[in-house]
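Shown below, as structure tokens, is a lone chain in the form predicted on its own; questions about how it binds or moves come after it.
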């Protein structure tokens, strides 16, 4: 039976699950639901009305991090979580940092410059974007530049859930007009370009850009 992944790939959290499934080579059906005014039937699957949600037959799994762990257990090859206990903890930490730390700044770009502007036809809060650019993101970028060092990926020298989560959040940042300053954070800028160049990311982000361009119309 094919999995069903519910959630618009404009969401960094839905994007994370879609990239994860693509990297695994998993077949799935995609329902690009946007999390605004969701139905009661969706709220029965996720009481907060959020995305993504995974449907596997009669099983329902909400939350991107939980979904990825579920898919890893169900489809262990190729592994996207390290087998070493410490490296696995590191990978899950970077996932959490992407989802609840980095996203506070990155999503300001996306929400104001895409959601507010094109979905709600409102004026972006430029002060929120400036606060993210000046106060929130620079120390996070400093941290990531230092932690990445000379490696291609963040944990164990290979692509893992850490990179999927970080790449998904940086996707929101880029779609909202953000760009990592390569003169200040050269390793991080090269990393984001490398991750977003993977086929699992590139197709989704290209589609996102096309959708935003159509909305800008």
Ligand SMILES: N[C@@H](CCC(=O)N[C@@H](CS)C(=O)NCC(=O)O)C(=O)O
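As the structure is a computational prediction, the values presented were derived from the model and not from experiment. Numbering follows the first chain given and starts at 1.
The form predicted together with the ligand is left out here; the points below concern that form.
| task | Go through 56, 31, 69, 63 and name the one with a heavy atom inside 4.5 Å of the ligand in the model of the complex. | result | None of the others qualify; the residue that does is 63.
| said: Using a 4.5 Å heavy atom cut-off, which residue among 188, 166, 51, 155 comes into contact with the ligand in the model of the complex? | reply: None of the others qualify; the residue that does is 51.
| said: Is residue 20 near the ligand? Define near as a heavy atom within 4.5 Å, in the model of the complex. | reply: No, no contact at 4.5 Å.
| residue 35: touches the ligand in the model of the complex, heavy atom cutoff 4.5 angstroms | Yes - in the model of the complex, heavy atoms of residue 35 and the ligand come within 4.5 Å of each other.
| residue 201, heavy atom within 4.5 angstroms of the ligand in the model of the complex | Result no; residue 201 lies far from the ligand in the model of the complex.
| Heavy atom contact within 4.5 Å of the ligand in the model of the complex, the stretch among 156 to 164, 22 to 30, 175 to 183, 43 to 51 | Contact criterion met by 43 to 51 only.
| message | If you apply a 4.5 angstroms heavy atom cut-off, which residues in 2 to 36 are near the ligand in the model of the complex? | response | Sequence-ordered list: 11, 12, 13, 35.
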